[in-house]
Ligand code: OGA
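Here you get one chain, nothing else, as structure tokens; it is the form predicted alone.
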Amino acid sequence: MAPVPISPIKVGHIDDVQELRKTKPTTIPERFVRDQTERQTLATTLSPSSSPTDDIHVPIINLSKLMKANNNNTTTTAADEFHTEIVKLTTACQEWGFFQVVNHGIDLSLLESIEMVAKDFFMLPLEEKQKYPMAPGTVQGYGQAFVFSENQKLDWCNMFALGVEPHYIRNLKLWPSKPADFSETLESYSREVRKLCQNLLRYIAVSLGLKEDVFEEMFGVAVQAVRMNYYPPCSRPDLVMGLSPHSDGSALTILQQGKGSSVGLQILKDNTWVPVQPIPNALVINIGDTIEVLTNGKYKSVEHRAVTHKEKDRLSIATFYAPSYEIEIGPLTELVDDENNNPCKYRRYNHGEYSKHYVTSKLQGKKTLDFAKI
């Protein structure tokens, strides 16, 4: 979410999907209708009863088992549990790029509060939300991000995105006055999510055989941004995409899926779109492009997308955590081994430059990562 100057971009008319939903159209506007190829991949997962992915579940990591072992009074049982959980984390990062974390330490009432203010914001009248517009080519405010042309297909989604840390990336004109407790709730939530990201990166470092503070030392003052996504029901979910397939440019992404929402998140696993079934009070974690580069491809970012539902809406809250824009990154030397067929796969680059490249490119699978490949 780098605050980069963008030259004027013509995006054409963009319908607000919540307003469209009020009329419950049986005909979907052409800009939302996906081409035949994408519709075929939608059809494979829209019918759960016939889906071959029913028995495939994203790994679950119990953070409390990792945290306990940091105690000075660690018991043999706690040490064993730590080892078991680290092995599970390694598998999750290496084979999935996604996992759900339980016992993450964030107060459940805070999860409920952020969900409530997000939903309350999206339920405001359109003219109120439009006071905080997302300018074309930028990624803060209300609207649709990653739209760069007048004929580009649009996602069946409304977004509200804000830069959070460090403070200089905040555009305070876009922080809403309604709901009244929005800013205070977001501050508290973001503070707790930041701690969770720092903890997870420590254990990810351990899983790689690195010293646990390697990422924290390298990242400087980490950049943190939040994006709230609201997907209204759609009369023709077989024709539209909630959110186009993409990988995240961050180091880690923390996703909170709204309680009672439809199952919308899908990840690409072995060329099959696998739905991520929400677990009550769990958070979904995914590896971003930055960790893929730093680990020289050992831990890969994974393509994911969101689909819509005919009758149910969906809310999700994504937090993106990444190195400072000033940091230069590239594969860690410990994870490059020319002699054993693991040569350096990515060049060194300035993270701010990659962030600028990411937010000024449309969502298109893992194409943005070509920026870093040798």
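Don't overthink the numbering: it's just position in the shown sequence, from 1. Every value quoted in this text rests on a predicted model; they were computed, and no experiment measured them.
What comes next is about the form predicted in complex with the ligand, which does not appear here.
Original post:
Given that the ligand is left out here, which of Glu292, Glu85, Glu115, Asp248 has a heavy atom within 4.5 Å of it in the predicted complex?
Top reply: Only one option qualifies, and that one is Asp248.
**OP:** Report the residue, out of Cys234, Leu243, Leu283, Val193, that has at least one non-hydrogen atom within 4.5 angstroms of the ligand in the predicted complex.
**Re:** When the ligand is considered in the predicted complex, the option within 4.5 Å is Leu243.
**OP:** May I ask you to check whether Ala318 falls inside a 4.5 Å heavy atom distance of the ligand in the predicted complex?
**Re:** Yes.
Original post:
Any chance Ala306 has a heavy atom within 4.5 Å of the ligand in the predicted complex?
Top reply: Judged by the heavy-atom cut-off of 4.5 Å, Ala306 is in contact with the ligand in the predicted complex.
Subject >> Interface membership of Lys298, the ligand in the predicted complex, 4.5 Å heavy atom rule >> reply: No, Lys298 stays farther than 4.5 Å from the ligand in the predicted complex.
Subject >> Contact flag, Leu255 vs the ligand in the predicted complex, heavy atom cut 4.5 Å >> reply: So Leu255 counts as contacting the ligand.
Original post:
Going by heavy atoms within 4.5 Å, which of 211-219, 104-112, 226-234, 172-180 lines up against the ligand in the predicted complex?
Top reply: The contacting stretch here is 226-234.
Original post:
Which residues in 258-284 have a heavy atom within 4.5 Å of the ligand in the predicted complex?
Top reply: Going through 258-284 in order - heavy atoms within 4.5 Å of the ligand in the predicted complex - there is one hit, Leu265.
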